Ligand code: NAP
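Before any questions on binding or motion, here is one chain by itself as structure tokens, the form predicted alone.
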Amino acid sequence: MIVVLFMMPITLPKIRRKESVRELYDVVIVGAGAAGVSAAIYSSRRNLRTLVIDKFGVGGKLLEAGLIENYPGFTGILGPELAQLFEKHMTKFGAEFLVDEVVNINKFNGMFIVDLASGNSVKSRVVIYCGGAEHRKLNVPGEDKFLGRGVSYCATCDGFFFKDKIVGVVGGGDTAVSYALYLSDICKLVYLIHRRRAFRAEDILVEKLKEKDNVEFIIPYIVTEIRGEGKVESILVKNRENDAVMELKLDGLFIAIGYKPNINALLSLKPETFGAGYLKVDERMRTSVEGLYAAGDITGFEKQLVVAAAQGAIAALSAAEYVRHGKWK
């Protein structure tokens, strides 16, 4: 959802690992990013027995972020610092937190059985799934090294940091072309790098991009390496037709080659999905499985912190009504 450039040395939140949990909960929330934390706050404030489970800790992608400037109320705050505030707020009203990995969720006799990597299981009347979606990576040298130091997966989050600079965008779909259009209004020069000569993006978007004087199409090329000293300074690209290699000098690289939703734990429930495997939800964050809600990046909506938090609140409010009155739709 958010990757911010030029990361500073940070201290991660100290997460409390619970040694034991109740057997039965009203609500189990999978994932402790913005969606899961927001859901936990609203759920526990309605006196529902609430458990949040995440294998990494509270914060989700915030734990990878540097400076965040697009969350209401904070003109600038480090991701891990905001994650600490999230944890404090989440547990204030009684929500419990468990560091563990959810490996499978099933349903028997109206109850969800949540199996954990530790070998334990918990039961719940309702599950709010906030498992998120991972950026698809190029898997080339330098990609992980320069994450937050010139490599980004979100132009709308980080584009401002490259005003009047040279950047590259990798991808050929709507997201990549939209990123290039957005960055062309901010940056000195934008390279759009795509492995094919044809684009998956809508023709109208591609035509708009072709009208830009400061956009250069690098096709059909793939990125083979990201280089720099402390931050991104250049990339190597290879022509897929003749294997020619060239180096492009640039200040930042935005990777937009899709997402991979984290839905493995839900395979037993077989919820309805769309696209690359995102969970299909209605306006109340209900999935096709009764009692199963979803919020955040896993729903395929705009991958922004504030959107995830709003969806988490809606899911929890809907779940509270369901737990109390038993009416699904």
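These numbers were taken from a predicted model, which means no experiment stands behind them. One-based numbering along the sequence shown. The term rigid core refers to the maximal set of C-alpha atoms that superpose within 1.5 Å between the two forms.
From this point on, the text means the form predicted in complex with the named molecule, which you will not see here.
Novice: In the predicted bound form, does K210 have a heavy atom within 4.5 Å of the named molecule?
Specialist: Residue-level check for K210: no, no contact with the named molecule.
Novice: According to a 4.5 angstroms non-hydrogen atom cut-off, is G79 in contact with the named molecule in the predicted bound form?
Specialist: Taking the distances in the predicted bound form, the answer for G79 is no, it never comes within 4.5 Å of the named molecule.
Novice: Since only the chain is shown here, I'm wondering whether R195 would be in contact with the named molecule in the predicted bound form (any heavy atom pair within 4.5 Å).
Specialist: Within the cut-off, so yes.
Novice: With the partner left out of view, is N262 within 4.5 angstroms of the named molecule in the predicted bound form by any non-hydrogen atom?
Specialist: Because no heavy atom of N262 falls inside 4.5 Å of the named molecule in the predicted bound form, the answer is no.
Novice: So which of G142, G131, G252, G172 gets a non-hydrogen atom within 4.5 Å of the named molecule in the predicted bound form?
Specialist: The residue from G142, G131, G252, G172 that makes the contact is G172.
Novice: Among K238, R200, K165, K107, which has at least one heavy atom within 4.5 Å of the named molecule in the predicted bound form?
Specialist: Comparing distances to the named molecule in the predicted bound form, the residue within 4.5 Å is R200.
Novice: When the named molecule is placed as it is in the predicted bound form, which of 40-48, 296-304, 264-272, 24-32 ends up with heavy atoms within 4.5 Å of it?
Specialist: In the other structure, the partner sits against 296-304.
Novice: For 253-267: residues with a non-hydrogen atom within 4.5 angstroms of the named molecule in the predicted bound form?
Specialist: Residues within 4.5 Å: A256, I257, G258, Y259.
Novice: When you overlay the rigid core, is the Cα of H89 off by 2 Å or more between the shown form and the other one?
Specialist: No, the C-alpha position differs by under 2 Å between the shown form and the other one.
Novice: Superposing on the rigid core, do we see a C-alpha displacement of 2 Å or more at T224 between the shown form and the other one?
Specialist: Comparing forms between the shown form and the other one, the T224 CA shifts at least 2 Å.
Novice: Assuming the CA distance changes by 3 angstroms or more, are Y153 and G57 closer together or farther apart in the predicted bound form compared with the shown structure?
Specialist: It is closer: the C-alpha separation of Y153 and G57 falls by at least 3 Å in the predicted bound form.
Novice: Which is it in the predicted bound form for the CA atoms of E143 and L82, closer or farther than here, knowing they shift by 3 Å or more?
Specialist: Note: Cα gap between E143 and L82 widens in the predicted bound form.
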